[in-house]
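A single chain comes next, written as structure tokens; it is the form predicted on its own.
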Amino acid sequence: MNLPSWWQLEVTAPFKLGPRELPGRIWTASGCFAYGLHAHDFRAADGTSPYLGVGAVVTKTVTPLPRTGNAMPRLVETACGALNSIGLENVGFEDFLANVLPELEARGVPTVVSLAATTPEDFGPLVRRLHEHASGFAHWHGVELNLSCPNVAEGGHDFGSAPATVARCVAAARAWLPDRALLAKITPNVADIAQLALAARDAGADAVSAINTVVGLDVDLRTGQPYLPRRFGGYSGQAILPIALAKVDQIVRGVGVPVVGVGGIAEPEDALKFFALGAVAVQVGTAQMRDPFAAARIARDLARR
């Protein structure tokens, strides 16, 4: 692609986010590249790796205890995106610490760990244990607090829709994370997302990730019932790009906290729009589920030559 004349960032160069320097500005979004472990044998037609140029892999969200996730089906493709109701299926925090994170470190994957819990007070012990376990890891760069999953009964977007709750979660995590970046992933399913970003910033977050999925529902006309057993799910993909851009603009202009933009990025031009609005980095989500080389391709295409 022809890069516009205003484009000055080098997306594959290190940049500072809070107390940490991250390797680049094009990341994969939580839940869209699993834990970031299983694509090392993949090669594109030109021989490149799906990790090439990627600044961080945000892991699948980890919870204090293992979760089996929601009933099937959990994923429905739509004309312009996808509805998911995964329900935070994961191996649990202790298994993640013992087996997943060490392998990410050994493989040199730049990692941001996504965490979720059901009370603000849970985040302190989680982050403390994580820091005790991994403070010597060179490739662990930060924590993203998932405060906005729409697919769980506790600890989801209802939980993270109150600024006071966001502040308590961030403060609990910040107390045990002195030397890694701390991000809060906030929900767009509120009247004023800037209030959530403001609460996160004032409680000590280095950045907010915006946005998580938009609550949606689709109906199977063969049965007359919603496709998803929980009726609604998180809507993602290119259809939500304008929503994400509007929310990011609202935060950048109204709050000033650094924003990692996410929502509907499938092409380099999509990522450029977030950077034009002032995002410091971007995450590739649904497109990465369809094409594990999506983030690497965008990083390559936005590299200034």
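Note that residue numbering begins at 1 and tracks the sequence as displayed. Model, not experiment: these values are computed from the prediction.
Keep in mind that the form predicted in complex with a small molecule is not shown, yet the notes after this line are about it.
Trainee: Is there any non-hydrogen atom of Thr63 lying within 4.5 Å of the small molecule in the model of the complex?
Mentor: No, no contact at 4.5 Å.
Trainee: Spell out, yes or no, whether the shortest heavy atom distance between Ala279 and the small molecule in the model of the complex is within 4.5 Å.
Mentor: The answer is no: Ala279 has no heavy atom within 4.5 Å of the small molecule.
Trainee: According to a 4.5 angstroms non-hydrogen atom cut-off, is Ile86 in contact with the small molecule in the model of the complex?
Mentor: Judged by the heavy-atom cut-off of 4.5 Å, Ile86 is in contact with the small molecule in the model of the complex.
Trainee: In the model of the complex, is there a heavy atom of the small molecule that lies within 4.5 Å of any heavy atom of Thr213, even though the partner is absent here?
Mentor: Thr213: yes, in contact with the small molecule in the model of the complex.
Trainee: Tell me which of 219 to 227, 163 to 171, 142 to 150, 128 to 136 has residues with heavy atoms within 4.5 angstroms of the small molecule in the model of the complex?
Mentor: Going through the listed ranges, the match is 142 to 150.
Trainee: When the small molecule is placed as it is in the model of the complex, are Ile26, Ala56 and Pro110 each within 4.5 Å of it, taking any non-hydrogen atom of the residue?
Mentor: No, none of Ile26, Ala56 and Pro110 comes within 4.5 Å of the small molecule in the model of the complex.
Trainee: The small molecule isn't shown here, but in the model of the complex which of Val257, Cys32, Leu245, Leu272 has a heavy atom within 4.5 Å of it?
Mentor: Exactly one listed residue reaches within 4.5 Å, namely Cys32.
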